[in-house]
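Starting off, we have a lone chain in the form predicted on its own, written out as C-alpha cells.
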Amino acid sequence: MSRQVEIRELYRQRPRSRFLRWSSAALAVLAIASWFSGELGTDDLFSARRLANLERFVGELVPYPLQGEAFDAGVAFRWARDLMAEKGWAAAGKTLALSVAAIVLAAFGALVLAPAAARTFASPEPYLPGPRPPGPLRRTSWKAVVWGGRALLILFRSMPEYVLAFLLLAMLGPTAWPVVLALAIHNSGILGKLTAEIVENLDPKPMAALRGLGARRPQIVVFGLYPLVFPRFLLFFFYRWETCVREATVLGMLGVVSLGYWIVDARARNHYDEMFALILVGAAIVVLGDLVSILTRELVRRFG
C-alpha cells in the first residue's frame, strides 16, 4: 500500500504545463473541425457500390492469365518473367540510376554547404579563440555567411521535387537530368540542414586541437568535421536515398522511362496487374537499399 501511495503522490507532483494542455486541446478541436468541414463523410465509403469496386479492383491485381482461373505458380512466374524482361528490369535499373545519381549529388552539395551553415564552425574564431578578438566587420561577415548558408538550404528544401523537375524539364528537355537535378537540389537542402545540426552538436575538442596545431579551415573540415560527422551522415544519406527511389518513380511520370513511366502507362491502359507488379518492384528496391544501409552502418560502427 505504501508504494501505491508513493506512486499517487508522485503523480500529483508531476510537472504540469498549461501551454501543453491548451495546445493539445486546440489541436483536438482543429482536427475535429477539419474532419467535419473537409467533406470527409464515411456514409458512402462502405456502401455496396464501393465494396463492389474494391472487389473488382483487387481481382484485377491478379496477373491477367490467372484472372478468373485457379492459381498456377508456373503461369504467374512466366507472366512476371515476361513483364520484367519487357519493362521491369530496364525501368528498375533506370530508377536506381536516377536515385543514386541524385543522392550522390545531394550528398556532395550538403557536405559543401553544411559547414557554412553551422554556427560553431562558420565563426570568426572557430573552436579556439585567437590572439586578438575579431572586429565588428569580421563578426558581421561570418554571420552573413551562416545566414546565407541557412537561407540557401531552406530554399533548396522548400522547392517540391515535382515542381522543380517540371521547371527543369522546360529548360533541359525530356532527359534524365531534370529528375536527377530536382531530387539532388531538394535533398541537398535536407541533408545540408541535418548535417549542419550534427556539426553544431559535435564535441569541439578534436577541432580545437587541430586548430591549435595550426590547421586551416579546410583542413579542420576534412580531417576533423567529416570523419566525426560521417557515421550519422550515412544514416541520413540512406534514408534520403530511399526517398529518392520513391520520388524517381513518381517523377518518371514526366516522361523519363523509369518505373513511374510504365506505372502510368499501365494505369492508362487499365492494366492494374502490371501496375501493381511494377509498384512492388519499386518497393523491392527500397528494401534492398535499407539492407545496404544496415550493412554499411554496421561496417562503419565495427571498423570505424
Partner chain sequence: MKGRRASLELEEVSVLFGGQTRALNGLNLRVGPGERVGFVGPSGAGKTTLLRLLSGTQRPTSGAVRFNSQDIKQLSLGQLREVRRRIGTIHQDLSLVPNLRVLHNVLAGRLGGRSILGSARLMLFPPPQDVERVHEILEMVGIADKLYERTDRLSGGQRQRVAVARALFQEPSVLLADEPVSSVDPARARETVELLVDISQRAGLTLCMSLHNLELAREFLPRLVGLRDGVAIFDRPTDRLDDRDFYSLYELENRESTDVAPIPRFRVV
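Numbering follows the first chain given and starts at 1. Keep in mind it's a predicted model, so treat the numbers as computed, not measured.
FYI, the form predicted in complex with its partner chain isn't displayed, but the following is about it.
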* Asked: When you measure heavy atoms, are R132, R139 and W147 every one within 4.5 angstroms of its partner chain in the model of the complex?
  -> no
* Does at least one non-hydrogen atom of E298 fall within 4.5 angstroms of its partner chain in the model of the complex? -> no
* Asked: Considering only 5 to 36, what residues come within 4.5 Å of its partner chain in the model of the complex, judged by heavy atoms?
  -> E6, I7, L10, Y11, R14, P15, R16
